[in-house]
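As structure tokens, one chain now follows by itself in the form predicted alone.
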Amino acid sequence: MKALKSALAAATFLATAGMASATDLEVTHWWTSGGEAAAVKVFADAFNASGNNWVDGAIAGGGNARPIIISRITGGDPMGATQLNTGRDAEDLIQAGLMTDLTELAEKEGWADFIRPSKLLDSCKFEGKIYCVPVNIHSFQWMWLNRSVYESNGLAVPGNWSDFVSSASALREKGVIPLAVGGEPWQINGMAGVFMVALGGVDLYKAINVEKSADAAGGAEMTKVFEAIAAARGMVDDGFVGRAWNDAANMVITGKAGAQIMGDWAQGEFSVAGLTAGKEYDCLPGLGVHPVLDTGGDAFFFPKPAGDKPDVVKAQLEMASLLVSKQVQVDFNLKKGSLPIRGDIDLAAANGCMQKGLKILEKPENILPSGEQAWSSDTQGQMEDLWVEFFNDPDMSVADAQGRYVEIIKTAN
């Protein structure tokens, strides 16, 4: 009996000690759609299993979330961790000394040995130190199609952008919206980047996004991109203005629309709806013309806590380690529809569209920088404003819009 009491006392002590060491960490992010919520739960469950406590701080919409996140950090009310895009979103915050340095952890765990492509980790560096954890590879370079919409109307499922354009009027006659679009600025801007690769070519994309060439921005190949965006206006419905991306994806899922140009995060919505790649829906990387990926994605940053809080920093480092761990990477990305940042994990369970993406990643020449990696937040904002105005205003000519685009590239950083 005495031994039993001693064992119970020891167990109670250990449980109490475990509870005492648990740390609450508020995590802000903009993953609020069905597929995104299922994916972020993987992170939350893993962190909670470590003995800490994930305090969810979801904010709908990246455009809404970013200014709130930045305002809180600069205003002295930092969260424990926050999602931002892999790129230059947090550049000013890092320069101001407001982010936790993850370099020692990254070197200890050998992140540089397994994170690929290497530019993902490079995007987390400032003056040689690492300040964020890339958690996935996302690319905007995809088109998603509802196969049954075409098949039930006696149309061939498009294999590329030209096929899609050719079938658009027939689809419209059948009462189906050809192209589901959300009118938020980042969506229109992202769609323009897809057209830049598919219709202008990889060399054009690199000339503008890597070399910052104003001549390329004003050239004939870029004119094709503006013309395609103008033509796409006639393929959408009147309700696109302000529509959320996942609502546009749902139009394709439910057969109200034939296709959507959207990043691979849309795949999470198809998965939640119970649809199977290659059966109910199809995917066209690079619009079926140039199968490449612009490898942006999501990353987590860890703002320095207000005051001396070593327990918070410890929890931040534990979370950072978990985010790149093998099983968490597998489970998260299968839910999210994105590609993992590790090249040493088994993704045999990945569906046909994810397998297409993994195949593309095997060749370095297929990997392009994302807009978040190429441009400052200010330049991205200018581009978004222009593309939205052009898409919304049929009276704005291609020549006028392209001229303004050239001026943006001339002064871009």
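Please read these numbers as outputs of a predicted model, since none were measured by experiment. We number the residues from 1 along the sequence you see.
Omitted here: the form predicted together with ligand GAL. The next part is about that form.
- Remark: of stretches 202-210, 153-161, 295-303, 225-233, the one touching ligand GAL in the predicted complex is 295-303 (heavy atom within 4.5 Å).
- Taking the partner from the other structure, ligand GAL in the predicted complex has a heavy atom within 4.5 Å of a heavy atom of Trp30.
- Proximity of Asn85 to ligand GAL in the predicted complex: non-hydrogen atoms within 4.5 Å are present.
- Shown alone here, Glu36 lies within 4.5 Å of ligand GAL in the predicted complex, counting heavy atoms only.
- Proximity of Trp186 to ligand GAL in the predicted complex: non-hydrogen atoms within 4.5 Å are present.
- Checking Phe240, Phe195, Tyr131, Trp245 against ligand GAL in the predicted complex, a heavy atom within 4.5 Å turns up for just one residue: Trp245.
- Residue Lys336 is the only one in 320-341 with at least one heavy atom within 4.5 Å of ligand GAL in the predicted complex.
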